[in-house]
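Starting off, we have a lone chain in the form predicted alone, written out as structure tokens.
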């Protein structure tokens, strides 16, 4: 005689299980946004309707940050006002500088950045959570991220931190605080373009992570800290560090084909190629490639650029028909390397640029907030009886 069906068994059978799910949420639409649009098939990227090529050439990081925060390009007086606010908010509280000085010099700069971003929340004594107050927080975080990274880097080298420059723009000031001298116009332009290109990229992992935290109506510092944590991973922001390690391993253009063939035979991912969204050439990589070429000519250090060019040629031949092309990480790393920037600062520079994008998405999402709470497919044991430990 069959045992009577328990209420738990009946409930389990009554629930219709979905047959499939989108691993990694691939193809799932999580929100509406007016900030960023990607055409992955054509290799196009737009910020609020403006092509990234035009913004990289004719705009600045500050102007693009305003665009994402406000949905339009600024007028002259508005841009000057934003620049002044950024300059005025760059300096960190002395207690924060003292805290950074106590961090182990062996720590990864992304760990330092994530920790200090969270720490800054304790110095914000304004209880107001209005859109205006949160916008000022967004500007302050954008202003302070370069200071955090430069301060940590200099202190770990037993150098005195450089105070923010009272007149320099966002990109130039970061380089000034990092190296202790004002950068030339050409170098500043390259850094500014790199920051513009990394400012936003639709619903990427770190932006989504920020939005998940923000959807609980947590604070902006928590959301941004989550973004930094997600960006650190080698499958996201950390990929540009991995590219340089790969180039050091390859060493010379003549070694490229053997390296690629061995990696493909072992099914090892070659960093700097392929993208979840782009199935053609990443437009950011195309722009940075030209700046990398110019820098290599200026610095007379062209080995990595030549390796990259050969690597791109071989990979497109091998994998281009599968929609695998260079992404932004392939050329951003060698640009920073040619500037003399430490490899483990590459991802923090990504965060310095992306923080304005994270905050813009959070501010937009909060206008019609809804808590993120997806489901999952249960694939574990059927309901079963608990046994005391003496009976197991």
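Being a predicted model, the structure only gives us computed values, none of them experimental. Residue numbers count along the first chain shown, from 1.
Keep in mind that the form predicted in complex with a small molecule is missing from the display, and what follows is about it.
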In the predicted complex, do 235, 276 and 319 all reach within 4.5 Å of the small molecule through at least one heavy atom apiece? yes
Is residue 350 one of the residues lying within 4.5 Å of the small molecule in the predicted complex, judged by heavy atom distances? yes
Are any of the heavy atoms in residue 245 no more than 4.5 Å from a heavy atom of the small molecule in the predicted complex? no
Even though the partner isn't displayed, in the predicted complex is residue 173 close enough to the small molecule, meaning a heavy atom within 4.5 Å? no
Taking heavy atoms only, is residue 133 within 4.5 angstroms of the small molecule in the predicted complex? no
Of 315, 141, 177, 82, which one comes within 4.5 Å of the small molecule in the predicted complex, counting heavy atoms only? 315
341, 324, 31, 48: which sits within 4.5 Å of the small molecule in the predicted complex by any heavy atom? 324
Quick one: find which of 115-123, 265-273, 133-141, 208-216 has residues within 4.5 Å of the small molecule in the predicted complex by heavy atom distance. 265-273
